[in-house]
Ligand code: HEC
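Just one chain follows, in the form predicted alone, and it is written as structure tokens.
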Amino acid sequence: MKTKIRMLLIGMALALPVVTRGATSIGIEGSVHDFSTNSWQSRGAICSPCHDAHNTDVAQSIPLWAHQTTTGPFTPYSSPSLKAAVGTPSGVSLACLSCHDGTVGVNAPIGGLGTNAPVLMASINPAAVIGPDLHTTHPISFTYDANLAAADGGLENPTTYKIGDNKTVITVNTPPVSSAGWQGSSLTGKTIDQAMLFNHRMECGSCHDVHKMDGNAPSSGILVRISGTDSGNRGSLICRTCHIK
């Protein structure tokens, strides 16, 4: 009897659809951040352009960071209506900008390039160069909490609003992110603070997942964690998650 049950379970398992890495496109391999086959990357590894198990940056902008960190200088976003206190990029944003501001070589480790020539982002993908002038990009590296939401008046409270909740203070309150059949359901039901903020701060990684693992990032061309527009075509899902529009 046990043998029959075991064989039945095996048959059921074989009948289940197989979810492969290629089908879900999860992870850095094959993504825009896969530099393992680039000629300047002698180790041929996926992780080592940014990380190392040893001799990493003592400042630790991100875990096991082994890449040179940009020093800018940066021009932060500013606006007469901005209520947030935006300062110099920090943490995960500083790590992103260490390639994307275009001033540091993508191939530059913390120990220096030595005799190697820097490979700048502009030579890989000019469209990916943000530059150190951030005054026209979405503000980053600021605290996004209940106090900011109250002062702004157009932001959801990140500690109470959950991804997928109805919008209750606008005329059309259909939730901008539906949990039904949405590939980013791993974020649904979490508060903005839980799912998108870094130590309660808005950073580059709040909207983008460099490792192509979370939310909609595996299927999104620019690694946006919540991609697409809502069912009413009223705007970007990721924008409307935080902004009351």
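A residue's number is simply how far along the shown sequence it sits, counting from 1. Please read these numbers as outputs of a predicted model, since none were measured by experiment.
This next part talks about the form predicted in complex with this ligand, which is not shown.
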Flag residue 165 as yes or no: does it have a non-hydrogen atom within 4.5 angstroms of any non-hydrogen atom of this ligand in the predicted bound form? no
So, residue 81 and this ligand: in the predicted bound form, are they within 4.5 Å at any heavy atom pair? yes
Is there any non-hydrogen atom of residue 59 lying within 4.5 Å of this ligand in the predicted bound form? no
Find out whether any non-hydrogen atom of residue 169 is located within 4.5 angstroms of this ligand in the predicted bound form, and reply yes or no. no
Contacts from 53-78 to this ligand in the predicted bound form (any heavy atom within 4.5 Å), listed N to C, are 62, 63, 65, 67, 77
